[in-house]
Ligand code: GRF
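We begin with a single chain expressed as structure tokens, specifically the form predicted alone.
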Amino acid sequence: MLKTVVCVSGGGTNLQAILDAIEQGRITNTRITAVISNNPGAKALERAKTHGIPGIVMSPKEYPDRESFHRAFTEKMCELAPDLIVLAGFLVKIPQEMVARFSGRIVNIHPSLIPSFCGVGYYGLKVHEKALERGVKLTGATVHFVNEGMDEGPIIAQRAVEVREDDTPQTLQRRVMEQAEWILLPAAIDDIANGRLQIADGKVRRKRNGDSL
């Protein structure tokens, strides 16, 4: 059983997609053991409570400096001892010490086709605003492993979404969630939980019929 901790800052729609997929059997061999948020008002914490999952608030604002927060955050994660950490709209950079401790066990969902519209400053609605400003015809979402960089880890899967002429950042955001994020992230978790996917030597390896990882 894959013990999973989900980190989220806001509404938790990707968290809900994971919970729904577990209940529907599209994610198997997986249990969400905790939800961590840097935002005490995050709706994601309500979603966790509804499903009987412990919700933990850890905000950098509660600590005297970023180093203290990083240390406390890493210690809490080590205490929880997850097999997998899922960043589902988490707007806090993961401490390097945590990345090192949980190497190959942290995944993130990003609302663009990396390497487009990613990195520092590209999060939430801002990603879709920039995509529309640039005039791209296709956007989408990417699930990737997390490394020391920002949105630079090995890519697990991507899914393209058409940009429409009448799109606003809000309509595009919603369609990317529905057509890409809520499909890719549960599928990636299920693949990891069932041994079909792992990272080795900085590269994603995927098991196919008859193959071994």
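Please read all numbers here as calculations on a predicted model, not as lab measurements. Residue numbers run from 1 along the displayed sequence.
This next part talks about the form predicted in complex with the ligand, which is not shown.
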Touches the ligand in the predicted bound form: A88 (any heavy atom, 4.5 Å): yes
Any non-hydrogen atom of G11 within 4.5 angstroms of the ligand in the predicted bound form: yes
So, I109 and the ligand: in the predicted bound form, are they within 4.5 Å at any heavy atom pair? yes
Going by a heavy atom distance of 4.5 Å, is L45 a contact of the ligand in the predicted bound form? no
Can you pick the stretch from 159-167, 30-38, 175-183, 55-63 whose heavy atoms fall within 4.5 Å of the ligand in the predicted bound form? 175-183
